[in-house]
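So this first bit is one chain, no partners, the form predicted on its own, shown in structure tokens.
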């Protein structure tokens, strides 16, 4: 049975990204979804899970999540070294960095698992389309965020940014990948919009015969969206 742990869904649930999990649930027959709340001990501490997932949250919630996960930092590092599969979306990525900097220069210390740090600009939300690539798979999606990340991810990025920015407006490297830890600002929901990437993702969990839910429709929509995103006249601002 495939076992997926969803961390803190009561607060980590923005932009419809819980549908990444719903899509996996519809696509895999033998699957168990574990919803871990802020008051629970994460299952990954004592049990083996196949995937750990965290969706975007409000900026205030980021501090709650950091405080909750801090006692398990060493365990998370150990799991990453063991190729545990993680998918963290949107500003959930910032939880795992060095720190988050507010406009006044004050800092919220992160878990320090990645070498990135984030800077907030709460008066300006950044929105854009995104076209990227991982191996031979093109990725389509969106961005909507109050912070961007900085630091050198040139050796451990997740996607090449073909159109739209990477972790910040000056970068062409989007997200972070450390072994099978994957973090990205790209919304979508990314698994719903990108069927080839979803299959790639499921193969990392050992699923071989993959028939995605609504696969024909998903592929058709992906091709239409990809053509639009690749159009030179498409505005990414």
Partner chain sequence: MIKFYIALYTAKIVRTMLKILGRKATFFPGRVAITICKDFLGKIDKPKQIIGVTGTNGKTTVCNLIIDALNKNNYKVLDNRLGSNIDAGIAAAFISGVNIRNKTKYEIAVLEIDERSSPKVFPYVKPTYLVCTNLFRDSIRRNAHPEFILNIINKNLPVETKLILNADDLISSSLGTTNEKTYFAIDKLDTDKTESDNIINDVRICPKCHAKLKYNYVRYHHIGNAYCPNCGFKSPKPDYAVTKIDFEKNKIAVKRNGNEKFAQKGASLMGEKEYKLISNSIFNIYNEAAVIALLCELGMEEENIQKVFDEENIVGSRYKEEKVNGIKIVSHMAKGQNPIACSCVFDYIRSEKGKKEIILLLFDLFDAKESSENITWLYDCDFEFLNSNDIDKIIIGGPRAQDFYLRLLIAGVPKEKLVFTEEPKETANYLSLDKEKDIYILFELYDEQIANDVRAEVKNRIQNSTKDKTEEQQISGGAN
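Quick caveat: nothing in here was measured; it's all calculated off a predicted structure. Numbering follows the first chain given and starts at 1.
As for the form predicted together with its partner chain, it is not shown, yet the points below apply to it.
**Q** Three residues, 1, 76 and 113; all within 4.5 Å of its partner chain in the predicted complex via heavy atoms?
**A** No: none of 1, 76 and 113 comes within 4.5 Å of its partner chain in the predicted complex.
**Q** Determine which one of 154-162, 94-102, 125-133, 79-87 lies within 4.5 Å of its partner chain in the predicted complex, judging by heavy atom distances; exactly one does.
**A** That would be 125-133.
**Q** Could you check which residue among 187, 54, 176, 51 gets a heavy atom within 4.5 Å of its partner chain in the predicted complex?
**A** Selected residue: 187.
**Q** Heavy atom within 4.5 Å of its partner chain in the predicted complex: which of 205, 210, 38, 45 fits that? Just give me the one.
**A** Filtering the options by heavy-atom distance leaves 38.
**Q** Examine residue 193 and determine whether its closest non-hydrogen atom to its partner chain in the predicted complex is within 4.5 angstroms.
**A** Contact with its partner chain, yes.
**Q** Though only this chain appears here, would residue 25 touch its partner chain in the predicted complex if you measure heavy atom gaps against 4.5 Å?
**A** Looking in the predicted complex, residue contacts with its partner chain do not include residue 25, since no heavy atom lies within 4.5 Å.
**Q** Answer for residue 142 alone: is it within 4.5 Å of its partner chain in the predicted complex, judged on heavy atom distances?
**A** Residue 142: yes, in contact with its partner chain in the predicted complex.
**Q** Consider residue 64 of the chain shown here, and say whether it contacts its partner chain in the predicted complex, taking contact as heavy atoms within 4.5 Å.
**A** Answer yes; at least one heavy atom of residue 64 falls within 4.5 Å of its partner chain in the predicted complex.
**Q** Out of 215-237, which residues reach within 4.5 Å of its partner chain in the predicted complex, heavy atoms considered?
**A** Result: 217, 218, 220, 221, 224, 225, 228, 229, 233, 234, 235.
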